[in-house]
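To begin, one chain is listed below as structure tokens, in the form predicted alone.
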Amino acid sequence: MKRRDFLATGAAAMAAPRFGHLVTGLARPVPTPQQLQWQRDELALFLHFGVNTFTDREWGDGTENPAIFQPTALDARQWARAAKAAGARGLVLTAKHHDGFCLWPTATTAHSVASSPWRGGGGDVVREFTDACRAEGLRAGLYLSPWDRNAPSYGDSPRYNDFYCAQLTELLTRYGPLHEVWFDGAVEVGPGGRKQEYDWARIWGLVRTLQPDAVIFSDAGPDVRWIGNERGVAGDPNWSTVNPATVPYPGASGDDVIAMLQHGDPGGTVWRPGEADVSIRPGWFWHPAEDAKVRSVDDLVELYFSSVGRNSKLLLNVPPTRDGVIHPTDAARLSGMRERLDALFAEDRYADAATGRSVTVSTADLREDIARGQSVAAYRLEGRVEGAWRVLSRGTTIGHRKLDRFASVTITAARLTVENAVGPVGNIPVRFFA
């Protein structure tokens, strides 16, 4: 594509950018409608809840007495309202963690809510969770840990895969539409030192058959990928395309794996955007000793910039208490984060420059139309300051959203130069905020 110059002033900043080097090639991968909706949601909450909530542990060992699970005032609608107050559009619940305790009454094991005194043995957390999501207009997701420290068949791979797929089938057929089905690569040896080998093709095939509109999350996708850390920090650059051969299955390890998870691959053959998970507390389950260690609003806003602001989605863990509710401190920090973000992005200051006025800005919001793929590999953003062009920020990838912060400056015009790209670049909206 021939290089062309473009000067953006005022509202014209939403028009086409200037181009530098453009690498053309075969058709670029693009997202499915489900992947596109998933990323545009930008924020979801993760809910770690189970027997660990009552034992004050992070990882249970599977020997817990189900009788300890007795939330005194479980209110899934309160979870959903806290999520909405944060601006989240979905939630993901730990239907089963590594301890094997199931938050729904399953026919596969006695290690479940059906063996607890909660709701007289007739309770179903997954049901209350999915009902609450629908009532509040939120998308529901479920996590079913592959590693199960309670199941006697764990390590006998064929038997356990049958057991696991039976559990997954229950979850995929009883609770209505699911938006995200969440897996990790946790694997250990079972009784007798036998290492479990998961049948991922079968597992993912079940989701495709029973919940065709759900996105599947794991290290290896196949729809969305883990970002490679639990700190809520996406890589820079961060491509939504990957080489699937580098991360062939969940739990794969190595420097090349982490690099692919963190950064993606500009030459990747499949669309697999990243999800950055992190907890609002030091741990993933609720612990009373951590009530004074909840992340501040400032910290949560930083997480938003390091995840959503780097072409990722943020999955923020907020664990319910033993009462079965989101702790007031956590709820207050969530709403405080949303208030701060709403205030920050309330007014596109640069739109005023269309009238010839000077505006003072310190944050830029850039977006590619990812429905058409992701192409920008390097860019330069400049503002006209006292009649001269000054570089405000430089970056690599943009993708769904790139948030750049810089020292507050007064500008009268701005221009965006795409210095390198791997495919055609369309219009890129550029908005500025104080």
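This structure is a prediction, so every number in the text was calculated from the model and none was measured. The numbering used is simple: start at 1 and walk along the sequence shown.
The discussion below concerns the form predicted together with beta-L-fucopyranose (FUL), not included here.
Novice: Let me test this: is every residue among V233, F305 and F406 within 4.5 Å of beta-L-fucopyranose (FUL) in the predicted bound form, going by heavy atom positions?
Specialist: Verified in the predicted bound form; spot residues all out of contact, no.
Novice: Looking at D199, D75, D184, E347 here, can you tell me which has any non-hydrogen atom within 4.5 angstroms of beta-L-fucopyranose (FUL) in the predicted bound form?
Specialist: Only one listed residue qualifies here, and that residue is D184.
Novice: So which of W118, W239, Y143, Y175 gets a non-hydrogen atom within 4.5 Å of beta-L-fucopyranose (FUL) in the predicted bound form?
Specialist: Only one option qualifies, and that one is Y143.
Novice: Quick one: is H98 in contact with beta-L-fucopyranose (FUL) in the predicted bound form, heavy atoms, 4.5 Å cut-off?
Specialist: Yes - in the predicted bound form, heavy atoms of H98 and beta-L-fucopyranose (FUL) come within 4.5 Å of each other.
Novice: Heavy atoms within 4.5 Å of beta-L-fucopyranose (FUL) in the predicted bound form: does F54 have any?
Specialist: So F54 does not count as contacting beta-L-fucopyranose (FUL).
Novice: Against beta-L-fucopyranose (FUL) in the predicted bound form, would W284 count as a contact residue? Criterion: heavy atoms within 4.5 Å.
Specialist: Residue-level check for W284: yes, a contact with beta-L-fucopyranose (FUL).
Novice: I'd like to know whether D124 contacts beta-L-fucopyranose (FUL) in the predicted bound form, with contact meaning heavy atoms within 4.5 angstroms.
Specialist: Looking in the predicted bound form, residue contacts with beta-L-fucopyranose (FUL) do not include D124, since no heavy atom lies within 4.5 Å.
Novice: Can you pick the stretch from 241-249, 176-184, 319-327, 104-112 whose heavy atoms fall within 4.5 Å of beta-L-fucopyranose (FUL) in the predicted bound form?
Specialist: Contact-bearing stretch, as computed: 176-184.
Novice: Scan 361-375 and write down, in order along the chain, each residue with a heavy atom lying within 4.5 Å of beta-L-fucopyranose (FUL) in the predicted bound form.
Specialist: Going through 361-375 in order - heavy atoms within 4.5 Å of beta-L-fucopyranose (FUL) in the predicted bound form - there are no hits.
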